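Just one chain is shown here, as structure tokens, and it is the form predicted alone.
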């Protein structure tokens, strides 16, 4: 059976999950959401469609929410979601289910996988040893998820309790997500910048352009912090505290992988 996996990532965690799942499923194509998001509607033809993405402010990234609103599939298509998170998912996958339901699409399964947290504006990367623990758990989780997906099973959507979901995924996400596109106003570049342009190349939504050898942010940001994490010189900062915080991107994902995600 043909499976399409649509993904969005800033540090590579989500792409690693998609690649690992594809290896388990076979006959699977992995597609960057950023590549297709400008289409007026997204109408894949496959037996299964998976949506793989990180949790941002206890909800889906804006680009993923937009993708869900545009997705159109036949009723017989098995649709599932996988979200990865550093803290907890709250009601993120339930939000995805509701978004898909507006197009009469049923989210048959929703899985959460804890991965190394990477929102450097708030905290630094975990130790290598702690990261390896996450990677081992991810590999085990993918095997279980693959068996469910292969069987086209309907299973409960992964979420926290109703109170947590309401507070974080309804109230905090609703208000916090409004600030995401212009959240890049906190980003700046220090004296280590050597004008390599990697930040511009890896930004999945083309929110960065180089001007006089320095990055300029264009205020349609997704807050994936890919620019900050992939900068070879660690010259990109967000606010006043990131200069001393350890960076992170998944060790199995390459800069070229990130570049290939960028929207057309």
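Numbering follows the first chain given and starts at 1. These numbers were taken from a predicted model, which means no experiment stands behind them.
This next part talks about the form predicted together with a small molecule, which is not shown.
Engineer: Which residue, 49, 68, 225, 33, has a heavy atom that falls within 4.5 Å of the small molecule in the predicted complex?
Structural biologist: None of the other options qualify; the answer is 225.
Engineer: Just one of 147-155, 93-101, 113-121, 131-139 has heavy atoms within 4.5 Å of the small molecule in the predicted complex; which?
Structural biologist: Selected stretch: 113-121.
Engineer: State yes or no: in the predicted complex, is some non-hydrogen atom of residue 242 no more than 4.5 angstroms from a non-hydrogen atom of the small molecule?
Structural biologist: Close contact is absent here: in the predicted complex, residue 242 is far from the small molecule, nothing within 4.5 Å, heavy atoms only.
Engineer: Look up in the predicted complex whether residue 54 has a non-hydrogen atom within 4.5 angstroms of the small molecule, and give yes or no.
Structural biologist: Although the small molecule is absent here, residue 54 would touch it in the predicted complex, with heavy atoms inside 4.5 Å.
Engineer: Considering only heavy atoms, tell me if residue 86 and the small molecule come within 4.5 Å of each other in the predicted complex.
Structural biologist: Answer yes; at least one heavy atom of residue 86 falls within 4.5 Å of the small molecule in the predicted complex.
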